[in-house]
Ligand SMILES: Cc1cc2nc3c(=O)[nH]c(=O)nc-3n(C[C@H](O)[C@H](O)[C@H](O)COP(=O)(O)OP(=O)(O)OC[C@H]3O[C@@H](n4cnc5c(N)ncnc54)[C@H](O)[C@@H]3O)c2cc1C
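First, one chain by itself: the form predicted on its own, in structure tokens.
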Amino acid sequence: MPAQYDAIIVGGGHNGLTTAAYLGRSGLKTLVLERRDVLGGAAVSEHPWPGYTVSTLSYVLSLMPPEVIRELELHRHGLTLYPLAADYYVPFPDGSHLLLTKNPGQAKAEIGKFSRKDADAWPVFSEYLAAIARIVRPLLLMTPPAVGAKSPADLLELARFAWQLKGLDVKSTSDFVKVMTLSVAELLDEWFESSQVKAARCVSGAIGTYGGPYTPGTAYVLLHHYIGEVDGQMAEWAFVRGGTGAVSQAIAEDAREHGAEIRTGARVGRILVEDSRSVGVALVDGTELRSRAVVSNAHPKITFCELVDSSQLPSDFVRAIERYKSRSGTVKVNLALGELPRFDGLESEDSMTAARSFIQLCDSMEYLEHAFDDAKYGQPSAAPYSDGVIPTVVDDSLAPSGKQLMSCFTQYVPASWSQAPHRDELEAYADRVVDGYSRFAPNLKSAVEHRQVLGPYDMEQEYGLVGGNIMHGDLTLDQLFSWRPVAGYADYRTPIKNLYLCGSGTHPGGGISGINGRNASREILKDLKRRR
């Protein structure tokens, strides 16, 4: 049967849509198939209550590079960003707090309340991370080489990789290795003495990770969240007008403008393979669609354990996919509020700045480690960690007049909770999150009018996030760069010819970036051009 499309993309998450947009811009006839009735995957805006638009899972933007925004003309397609006013608002049990903005003088004064030494170290540490980020960032935009391979093409990619690291000297090499291997706690202990300052920084090393601040490798997670930028400002974060689903919609508009066909409510049952080549897909209703290439935006485990018969794959590849780690202790708690939270001890102006920042429920590295310890030993956190934001302070499109939304990305519950709903336990856990915030925002509890609680089971069953992992797999050293998702297949290709990956289970990992789709489309276009 002749191909009906040049490429069929399985999954309408933001990376699948990005792939479609780039392929469409190159003149390919592309079809996107999304099993849900709404596009976006984890970057989605939904309406759980009348009048509200909620970023159900992912909730802020930073990791999308200016290249993707510019090349896909996302601002022309409606993408509007509101940078956060501060990096962190961290209240402490004694009534003190840290409210840290990008203003160097303000940050120095805030940190100086706890440690003059740390106040001096803060900008030096920020530049330390920025220097490493400047080295790593170009690597995100390249296709990882197959380390150890001997073909001319692989050796050329290795040479390109080595060239990207030409700026490393002895010290910067040591810094790079430290950030890639240490725990975030070890890294922060080298730089700071104040427990309050370390509390503010450590959360970026553990968020979205099934590990605590003392888990090896979490220093890289801190760096991963530092690499992004908004309007040229590194390590900046922003709310998206209309919620994070507006990012996906803007990308979808560009894809449609360049000829892509996008279908929702179209669930793929299997990827068609003939003579070790993918030739299309079969929907669950039996419809078969043929294409020159199939691109899966689904999680690697879904792609290779559900959509492809394991007999069509090399046995060592199947074992590697089975061992691929995709764990999570994350619970997303979305709150509709009748009024804005009032923060104890803050003047009106500072309170509004705090409301436009990351509002942390974590007063020390030990607090965060104990929260993880509970989950590690089979119990939900008695005192959960939460990263909260209130997007309605800048975006009036999200809620009815006078109402507010608070989005809480929280941790931890046991990884095993991805296997069952645990509904009652999740509601009790969410109660503890609200109670934790109420200790310094006393009107919060009474302000809650609606509540949505999504645990790992919900994230896997409804959104295809295996294990509830929003990154499509752990961001550990053995699952990064040339080893994501599997050694030898980090170039977006798979053991099955004409079958590609483009989701967050590929390099460079998770976050709303579009980089995975941009990189994958580049490799797909190379291959399709060779076959003409």
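What you are looking at is a predicted structure, and each value in this text was computed from that prediction instead of being measured. Residue numbers here begin at 1 and follow the sequence given.
Separately, the form predicted in complex with this ligand exists; it is not shown, and the next lines address it.
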item	value
The unique member of Leu307, Ala146, Met365, Leu398 whose heavy atoms fall within 4.5 Å of this ligand in the predicted complex	Leu307
Residue among Leu33, Ile69, Val486, Ile496 with a heavy atom within 4.5 Å of this ligand in the predicted complex	Leu33
Interface stretch in the predicted complex with this ligand - options 23-31, 460-468, 45-53, 475-483, non-hydrogen atom within 4.5 Å	460-468
Proximity of Tyr214 to this ligand in the predicted complex, heavy atoms at 4.5 Å	no
This ligand contact in the predicted complex: Phe343, any heavy atom under 4.5 Å	no
4.5 Å heavy atom contact, Tyr59 and this ligand in the predicted complex	yes
Distance check, Tyr324 to this ligand in the predicted complex, heavy atom within 4.5 Å	no
Residues within stretch 351-385 having a non-hydrogen atom within 4.5 Å of this ligand in the predicted complex	none
